[in-house]
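Take a look at this single chain, the form predicted on its own, given in structure tokens.
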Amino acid sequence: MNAVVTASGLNKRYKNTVALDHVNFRIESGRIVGLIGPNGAGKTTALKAILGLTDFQGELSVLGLDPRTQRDRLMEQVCFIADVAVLPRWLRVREAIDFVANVHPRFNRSKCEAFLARTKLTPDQRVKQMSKGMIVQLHLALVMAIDARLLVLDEPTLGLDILYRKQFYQSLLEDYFDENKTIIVTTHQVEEIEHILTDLMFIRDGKIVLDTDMEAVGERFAEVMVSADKAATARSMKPLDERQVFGKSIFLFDGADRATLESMGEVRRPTVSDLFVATMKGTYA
């Protein structure tokens, strides 16, 4: 497989704050990677480094290019969305299409117009006349008509209700993503993107604390619900986390013997949200 992003010793400081602490990671082509972490963990700084929007120390290659010195060439193959619902209120649909067509060399106008033909949007309609759902449709049509090799999404559905958030990710999968494209997404609504991810990275205090593919999550991590009489045995196995539900204890383990866990109670795969909470314990204290 070809690496789309390779980082080695990636380091970034803001005065006395360490945003990225000698980070190493590799993102392969044709993957959907969730970069998940609490506020201030370094997510946005990592994305800015990948996009050539901030300086840094260490080595970083994106699509075979150095973001610091080859950003113009890099951005011909990259698309970035920070907030899918933000477009100038005075902008007309046709003006938005004209703008992107003149800015991005890999924009396909006919593809964009084909997407918009499925909606109720008209060429002269202004953003201020649209519902949030219509704005999502317009933004998606613009993005999905760009044949970018790398799509970077930083909290793309912030402020949208659950219907529009689901529509956004469903359209992304059905109409945009293929084996030649790579998507990096950050979001606090982890449970909503879990089903689309191929890879997972947790970042905390500027360090990558988990970097794995979703198949390995099910093989490596397990939750078991145990009754009170077996709780002490479970605790002796050093679980990552313990929580109480309806008078029973749920323990989350990393790499524990599956047969041993099954002898104590019901075993299941943890959700990304549960795994995140266990990994980040103490961060929000």
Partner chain sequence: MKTFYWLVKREFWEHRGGFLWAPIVTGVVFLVLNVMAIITAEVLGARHGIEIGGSNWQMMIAKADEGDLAQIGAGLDIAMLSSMGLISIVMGIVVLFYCLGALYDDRRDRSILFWKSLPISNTSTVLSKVVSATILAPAIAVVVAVIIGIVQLVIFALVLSLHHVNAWQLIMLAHPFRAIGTLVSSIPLYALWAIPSVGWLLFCSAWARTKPFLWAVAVPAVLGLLVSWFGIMGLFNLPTVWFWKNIVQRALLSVFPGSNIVYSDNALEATADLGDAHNPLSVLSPMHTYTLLGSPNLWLGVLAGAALIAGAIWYRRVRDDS
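These numbers were taken from a predicted model, which means no experiment stands behind them. Residue numbers count along the first chain shown, from 1. Rigid core here is just the name for the largest C-alpha set that superposes within 1.5 Å across the two forms.
The same protein also has a form predicted in complex with the partner chain, omitted here; what follows describes it.
Across the proposed site, D161, Q167 and K248 without exception lack any heavy atom within 4.5 Å of the partner chain in the model of the complex.
Contact annotation: T54 falls within 4.5 Å of the partner chain in the model of the complex, judged by heavy atom distances. Using a 4.5 angstroms limit between non-hydrogen atoms, R71 touches the partner chain in the model of the complex.
The closest non-hydrogen atom of F80 lies within 4.5 Å of the partner chain in the model of the complex.
Among heavy atoms of P88, some come within 4.5 Å of the partner chain in the model of the complex.
Heavy atoms within 4.5 Å of the partner chain in the model of the complex are found in one stretch of 209-217, 175-183, 113-121, 139-147, which is 139-147. Of the residues E155, E192, E95, D205, just one reaches the partner chain in the model of the complex with a heavy atom at 4.5 Å or closer; this is E95. When two forms of a protein are overlaid on their rigid core, residues whose CA moves 2 Å or more are considered shifted, and M214 is not one of them between this form and the one not shown. Fitting the two forms on the rigid core leaves the C-alpha of M75 displaced by under 2 angstroms between this form and the one not shown. Relative to the superposed core, V93 shifts its CA atom by 2 Å or more between this form and the one not shown.
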